[in-house]
Structures are given as C-alpha cells and as structure tokens.
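Encoded as structure tokens, the following chain is the form predicted alone, with no partner shown.
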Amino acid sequence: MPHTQFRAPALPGADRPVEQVGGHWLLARVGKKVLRPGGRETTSWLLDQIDIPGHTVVEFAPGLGHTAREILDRGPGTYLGIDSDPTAVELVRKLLPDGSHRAIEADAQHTGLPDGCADAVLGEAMLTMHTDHHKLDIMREAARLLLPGGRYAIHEMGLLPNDLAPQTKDEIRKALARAIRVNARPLTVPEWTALAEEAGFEVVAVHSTRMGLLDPRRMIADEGWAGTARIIGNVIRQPQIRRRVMGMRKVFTDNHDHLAGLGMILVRTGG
C-alpha cells in the first residue's frame, strides 16, 4: 500500500513554498509540536517562575498554542494571546474555553492593550527573530503592559560563551538565516540582559540548556517516541522538506558549542 503524504492542519505560512517558509513552520508541517529552542523543559521552567493561578497572563506569539494549553491548565484568571498572524490567532481561539480568555490579532510592539493590565507576560522564540531595535520595542511593550513587579518570561536562542568573537556571531547568524529562512539574531546572556535593563526590567533568573531542537534525545523528550517516529517518517517521505530539515540540523550541530536555549525571568522595575 503506498504511503500517503502527511497533511498538516492549516498553519501560518501554509501557502508558502517549502524553500521559503520559516523553519519553525516547516517543522510544524511534518507534525513537530514543540518548536522552542530550549524544548519543553525550558517552557516548564518558565511557567514555574511566574504566578499564573487567578492572574492575567499575556502571551506574545502563541503560535500553535501548545504553551497556551499549559498556561490554561494552571488556571489563569485571564489569558490573552497576541499574534500578528490571523491563522495562529484562529488556532489559539479554538483552544480557549468560553469566558474571559481571548486571542487577539495584533503586533507585539503595539498590542493595543491598556497600561498595567497584566500580572505576567510570556514570549517564546520570537524576540530572536527580530533586530535588536525591534527586540527592545517588544520588551518595552511588555513592560508597559505589566503591573510594577510583574514578570516577563522569555524563551529565546542564546550564544555561548559570553565573550564569543563578533566575527563568529556574524557567521552563526548568517548560517541560521540561510537554514531557517528567518533573520535570526540570537544574543549572549549579557546582551539579552542589557536590552532587558534598557526596557525597564531586572533579570532575576536564567535557565540555559543546549539548543537541541532536532537532537534525537530532545525530540523524544519533547514529542515522545511515537511523535518522534511520525515526524521522522514524514520528513523521509518528502524530499524537499528532508533537504531543508537536514540543512537546519547541520547548522545546529556544527554550532552546538555556541547555541543555547535560554529561559529568562525579567521583573518590571519602577513604580
């Protein structure tokens, strides 16, 4: 019996050719659910650091909504998902129970939400994909939304070590951009910290792990044995996707000493 091609649900970027779509949405096409650089481990750590039950939580760029599910399981008073992609917004809306929870189509730099409306803000794997100027704009918007003392949890790609040579940083960023078709700009922990402080935050906790998005052990931890087998099968059967995925994996492997998944907890300072 011939194999049937895997059919992903409607996803952001679904109308784009395989060679042009961003790497994270390409992986989603073959069934990968956890698309964060530090995996499920780092997401869980972040959620443990913010006070969710009964509070208002804003999530920037919820994507497929897997972290939204985990937030909802922890009983927030209000969940607000903010995404600029209407397809992502619809995916998240389908997860939300009736009541005070919402998903809104808006840019993270300009959400349109009122000042001081959130107890916690969460963003994963989205700041890395922006220039440092836009990173700062998004961080400032998070600070505006938060009450004093509120927490901003970020999950992003990091560079190691902290004194990595500028030339090496540029080479890694160029290799990532070629592989994932997004102009990724990961930073060292001191560089992330400097941006956070400029935006009005204090960094109070950092969690670092290997950037093993396509590492077999990480995939099994994130997706389970059955999910990993399904993803591998889908990749094998689709040559164009297989070339892209192997290209991404090579960049991650070649730079494994310099790439990390970072979780950071930022506390809004000031009155």
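This structure is a prediction, so every number in the text was calculated from the model and none was measured. One rule holds for the numbers: they count along the sequence shown, beginning at 1.
Keep in mind the form predicted together with a small molecule is missing from the figure; the text below concerns it.
K.L.:
When the contact criterion is heavy atoms within 4.5 Å, does Ala88 count as touching the small molecule in the predicted complex?
P.N.:
Contact with the small molecule, yes.
K.L.:
Wondering, does Arg36 line up within 4.5 Å of the small molecule in the predicted complex on heavy atoms?
P.N.:
So Arg36 counts as contacting the small molecule.
K.L.:
Is Asp107 a contact residue for the small molecule in the predicted complex, using a 4.5 Å heavy atom cut-off?
P.N.:
Asp107 belongs to the contact set for the small molecule.
K.L.:
Using the partner position in the predicted complex, report whether Phe252 sits within 4.5 Å of the small molecule, counting heavy atoms only.
P.N.:
No.
K.L.:
From the list Asn183, Ser84, Thr78, Thr193, which entry has a heavy atom within 4.5 Å of the small molecule in the predicted complex?
P.N.:
After the contact test, the surviving option is Ser84.
K.L.:
Give me the residue from Arg140, Lys169, His130, Arg93 that has a heavy atom within 4.5 Å of the small molecule in the predicted complex.
P.N.:
None of the other options qualify; the answer is His130.
K.L.:
Is it true that His24, Ala61 and Ala125 each have at least one non-hydrogen atom within 4.5 Å of the small molecule in the predicted complex?
P.N.:
The answer is yes; His24, Ala61 and Ala125 each reach the small molecule.
K.L.:
Tell me the stretch among 240-248, 227-235, 62-70, 198-206 that has any heavy atom within 4.5 angstroms of the small molecule in the predicted complex.
P.N.:
Result for this chain: 62-70.
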